[in-house]
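Below you'll find only one chain, the form predicted on its own, shown as structure tokens.
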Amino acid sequence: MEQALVVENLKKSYGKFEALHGVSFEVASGEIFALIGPNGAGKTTILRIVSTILQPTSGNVVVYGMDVQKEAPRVREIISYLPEEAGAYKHLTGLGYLRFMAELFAADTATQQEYVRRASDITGLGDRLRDKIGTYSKGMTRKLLLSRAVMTHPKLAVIDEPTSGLDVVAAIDIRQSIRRTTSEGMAVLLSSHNMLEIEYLSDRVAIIDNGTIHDVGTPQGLKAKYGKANLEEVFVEVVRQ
């Protein structure tokens, strides 16, 4: 299977503080790959480097054969990035926001309309798209932002804490939306500190703590390997070892 992302011996330092200690992993096309660990583990730093926002101290990151440092403009053409703290223009309607973003991504009207149609379907917001974003709940806003991130058919979507702060129902909706997008071959790299949630969403996970990946595998495989009932228990066992 084609590799969407290859990360090799990735290191990142901020002064004397080393945030990443030689991180390596791969993500296949059409795969949902999650980085799981506590806040401050290095998850967001990895996502920002993959998204060409941060420069690594050393190591290599390749997206569909393109080096993110040497070919950043080309990489940006085929990826999308949704940070945890992303927001939307509250004075716009949901539909107005999607149209505005579509105009930024495409020059021709037909492509813009296709992007808006695709995003509208993914949100599941129906008639609420005609309401101003300022009236949306946090879950509704997150659905809108997720739809914006994938409406251009990116080959790799990078999503930081996709359901942070959402209630159970909204979180399930977001998970289902992410899963549906991969049916077309899009790869997803996401991060979360909610290990139980990621257990139900991801094809494979990497357990990361203090800038180091301790193990990688399928949720079921990792639970079987360590004889644990869930990924939270696996994480505790791995870090202790």
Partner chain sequence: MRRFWVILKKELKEMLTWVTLIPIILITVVYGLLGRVINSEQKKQSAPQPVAVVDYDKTATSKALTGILSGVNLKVTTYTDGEVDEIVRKVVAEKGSAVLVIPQGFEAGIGAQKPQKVQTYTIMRSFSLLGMTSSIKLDAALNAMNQYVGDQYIKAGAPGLDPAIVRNAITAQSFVTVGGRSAEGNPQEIVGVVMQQTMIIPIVLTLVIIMAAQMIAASIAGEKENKTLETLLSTPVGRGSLVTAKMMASGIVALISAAAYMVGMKSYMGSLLGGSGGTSSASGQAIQQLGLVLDLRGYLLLGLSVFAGIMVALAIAVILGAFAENLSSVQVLITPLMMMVLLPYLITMFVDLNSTSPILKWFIYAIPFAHPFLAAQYIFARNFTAVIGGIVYQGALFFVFATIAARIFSTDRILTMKLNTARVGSSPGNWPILRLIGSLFKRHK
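The shown structure was predicted, so the numbers you read here are calculated from the model rather than taken from an experiment. Residue numbers count along the first chain shown, from 1.
FYI, the form predicted together with its partner chain isn't displayed, but the following is about it.
Out of the listed residues His153, Arg117, Arg128, Arg76, Arg76 is the one that sits within 4.5 Å of its partner chain in the model of the complex by at least one heavy atom. Contact annotation: of the candidates Asn39, Gln176, Gln55, Ser183, the single residue with a non-hydrogen atom within 4.5 angstroms of its partner chain in the model of the complex is Gln55. Proximity to its partner chain in the model of the complex holds for none of Tyr64, Ile198 and Thr212, with the criterion being a heavy atom within 4.5 Å. The closest non-hydrogen atom of Tyr14 lies within 4.5 Å of its partner chain in the model of the complex. Among residues of the shown chain, Pro83 is one whose heavy atoms approach its partner chain to within 4.5 Å in the model of the complex. When contacts are judged by a 4.5 Å heavy atom cut-off, Gly134 does not count as touching its partner chain in the model of the complex. Contact annotation for Gln69: at least one heavy atom lies within 4.5 Å of its partner chain in the model of the complex. Of the stretches 43 to 51, 212 to 220, 187 to 195, 29 to 37, only 43 to 51 has residues with a heavy atom within 4.5 Å of its partner chain in the model of the complex. If you take 101 to 130 and check each residue for a heavy atom within 4.5 Å of its partner chain in the model of the complex, you get Met101, Glu103, Leu104, Phe105, Ala106, Ala107, Gln112, in sequence order.
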